[in-house]
Structure formats: structure tokens, C-alpha cells
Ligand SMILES: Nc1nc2c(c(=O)[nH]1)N[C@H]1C(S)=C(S)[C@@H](COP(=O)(O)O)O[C@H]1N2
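A single chain, nothing else alongside it, follows as C-alpha cells in the form predicted on its own.
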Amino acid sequence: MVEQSEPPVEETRLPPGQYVPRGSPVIHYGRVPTFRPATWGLQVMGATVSGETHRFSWERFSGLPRTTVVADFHCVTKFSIMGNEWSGVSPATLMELAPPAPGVGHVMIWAEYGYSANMRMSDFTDPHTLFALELDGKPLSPERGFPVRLVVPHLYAWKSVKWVRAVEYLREDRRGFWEERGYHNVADPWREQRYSYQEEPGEGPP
């Protein structure tokens, strides 16, 4: 009788079409911005419950309570980095201070240079979603999104926006930067939702 060994843990956690690379590749659009703590700010805007824009200085935001999440990271270019330890601010913490109005079903995450990515509120509030300030016990490097990047581990990594500067609450969905350029509106790696032509009815704005 031939014994069958169990597949490596990485294989059981890999979405279809993904592979584990050597090292930790870094991919981003545009140049790496310069961080200036005195002028840096994060806004929560759009359909807030008060109708006002909430502003957080670097001192205030970096002083918010932190949580840690261990999660895999899946790039749409097909590599996956397994078991990352992210530390940062939970969206739930931010939403307590800047709550959305009733009827908000999506958010747009804005970054430096006008980059953006949209997602469902259920993705934004997932327990593993995080405004990360640290990776594996160290502050994020500039090319990985320092000082703050949103990490949404259960979606393809273009939704994990680097260099975050604003959260916009949306009552109606709207496509972000890559979504306007042909990427899938939802971006579930387990369903290989890479491109907009794959969208089913209801998975994207009209």
C-alpha cells in the first residue's frame, strides 16, 4: 500500500493559478511618494453620518489602537506571499470615529497621485482588512506603502492600496483606477476574478 503525503500548507492555501515566488516581489504604479509627517493627513469623506469630512493627522492616526493580522497576499500577476504579519488600524476603529451614513454599501480608497480602488463595504469591514503600518514587526518600507497601506487579504492585491490618504463612503458603487482600466470590480482570487469581462450581473456598476 502506497502512503499518500499531505500537500504543503502553501498549496492548500493558494488560489487557482497562483504560485509562491522566491523572495518578496514588489509591484506598484508610479513613483514612491515622499512622506512628510507634518503635512500628512488621512480623510474620511463622502457619505458620512454627519455629512462632514473627518481629518486625521499623522500623530492622531498613528496613535490609534492597533491590531495584528496574519494573512496571505495574492497579486493579480499570479504570485502569492504567504503568512504575512500585518499590524495597524482596523477599519472598525476608524468607522467608530468617522461613521458612514445609512445606505453606504461601498467605499473608495484614495492614495497619493489620485490612485484609487473601490470595494464593497463587506470587504472593507472584513476582520482581516487592515490599515497596515507594519509588516512582520517592522514599519512598512516606502516601496511597500509606508506610512499606511490598506491590506485586504481575501482580494487581489491591487485592492490593497499603498500610500492611503482618504476613505470615501459611497452609496453607489464606482470603479477605481484599475477597475476603470479593465480589471474586475470585485477581485476574488479564489474565483480568478481578474478582468471586467468576467463580471457577472451585479458585480459591477452599470
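Remember, it's a predicted structure, so these values are computed and weren't measured experimentally. Counting begins at 1, following the sequence as shown.
Just so you know, the form predicted together with the ligand exists too; it's not on screen, but the next bit is about it.
*Asks:* The chain here is shown without the ligand. Which stretch in 121-129, 87-95, 100-108, 68-76 comes within 4.5 angstroms of it in the model of the complex, by heavy atom distance?
*Replies:* It is the stretch 68-76.
*Asks:* Among the candidate residues 28, 55, 174, 60, which is the single one with a non-hydrogen atom no more than 4.5 Å from the ligand in the model of the complex?
*Replies:* After the contact test, the surviving option is 28.
*Asks:* Please determine whether residue 161 contacts the ligand in the model of the complex, using a 4.5 Å cut-off between heavy atoms.
*Replies:* Residue 161: yes, in contact with the ligand in the model of the complex.
*Asks:* Residue-level contact is defined here as any heavy atom of the residue lying within 4.5 Å of the ligand in the model of the complex; does residue 157 satisfy this criterion?
*Replies:* Yes - in the model of the complex, heavy atoms of residue 157 and the ligand come within 4.5 Å of each other.
*Asks:* So, residue 82 and the ligand: in the model of the complex, are they within 4.5 Å at any heavy atom pair?
*Replies:* Output for residue 82 is no: heavy atoms all beyond 4.5 Å of the ligand.
*Asks:* Within a 4.5 Å heavy atom cut-off, is residue 143 in contact with the ligand in the model of the complex?
*Replies:* Contact check for residue 143: yes, within 4.5 Å of the ligand in the model of the complex.
*Asks:* Using a 4.5 Å heavy atom cutoff, which residues in 112-126 contact the ligand in the model of the complex? It's fine if the answer is none.
*Replies:* Sequence-ordered list has one entry, 115.
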